[in-house]
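Before any questions on how it binds or moves, here is one chain, the form predicted on its own, in structure tokens.
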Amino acid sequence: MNIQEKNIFVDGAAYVNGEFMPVAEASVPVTDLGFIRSDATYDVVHVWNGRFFRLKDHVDRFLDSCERLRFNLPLSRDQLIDMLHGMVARTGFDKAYVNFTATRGRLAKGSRNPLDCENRVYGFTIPFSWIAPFEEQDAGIAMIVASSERTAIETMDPTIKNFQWGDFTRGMIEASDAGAKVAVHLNHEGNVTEGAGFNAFMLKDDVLWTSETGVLMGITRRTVLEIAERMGVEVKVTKVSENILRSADEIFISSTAGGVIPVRSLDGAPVGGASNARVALDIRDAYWKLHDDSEYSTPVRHDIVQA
């Protein structure tokens, strides 16, 4: 890669319609149903110390979502992975946030049938993006319980990662107004679901609780469950009542955008007692150590970009 090429990707790289370009130059056609109807799915994988974390799992989830939406992608699995490596390699980023998106695309002329569309793939990578940076995590972040319910699973399957964030956006604004970092949503039964870009965990009486349904099956969530099992922590993946949330000894969230993040307060009230986020921080430490494990991480292929 020559210096001139490297410089044009200094703020990030994007992939649109088969071409790589600086992220600031990327755009989506205004008639793409992904834009005008949110008919799309996406995934986010991060790069840490020059290695993708759980790349295969993210790609598997993305392709499964595409199949369930009946997308016929213009890229094969191998071409998709090459695209992800190609974006990061062009930037030279050692730590990166990598988004890849499939949309329904544009309707064929004279058609209203979504299955007549030519589906599209987009991607972009920018410097690593945090829900909360490390310097905030040790002290924990503030959370609220959103007043808006999570969209019902009968309306939108949350296991297909999607852009229908109306409920999440309301919660994020509500959290901002309350001086909090994040909002967690309950469902119509009053059980805990998830928040904008994260899964939630509650530790109560040495048992770790997390929601079974109404949530995205997060890759970081999966990693937390694996770590907890190795640590010998009892885990319950089931319906989680608001009472468990409010009486928890510890609360933490999991996300590709930041890993494992302790919560210090809920609706302004301190969380927990003597444990002081002990389990959350132990899981967080184990999570970041896995980023150097070849079973979990994949080196960015810089040789994919020709000099």
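Small disclaimer: the values here were computed from a predicted structure and weren't measured. Residue numbers here begin at 1 and follow the sequence given.
Below, we turn to the form predicted in complex with a small molecule, even though it does not appear here.
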task: Spell out, yes or no, whether the shortest heavy atom distance between Gly197 and the small molecule in the predicted bound form is within 4.5 Å.
output: yes
- prompt: According to a 4.5 angstroms non-hydrogen atom cut-off, is His58 in contact with the small molecule in the predicted bound form?
  reply: yes
query: So, in the predicted bound form, is Phe168 in contact with the small molecule at a 4.5 angstroms heavy atom limit?
result: yes
- prompt: Within a 4.5 Å heavy atom cut-off, is Ser211 in contact with the small molecule in the predicted bound form?
  reply: no
query: When the small molecule is placed as it is in the predicted bound form, which of 58-66, 27-35, 263-271, 278-286 ends up with heavy atoms within 4.5 Å of it?
result: 58-66
- prompt: Which listed residue (His185, Arg106, Lys204, Lys161) meets the criterion of a heavy atom within 4.5 Å of the small molecule in the predicted bound form?
  reply: Lys161
statement: The listed residue (Leu216, Met172, Cys117, Ile141) that reaches within 4.5 Å of the small molecule in the predicted bound form by any heavy atom is Leu216
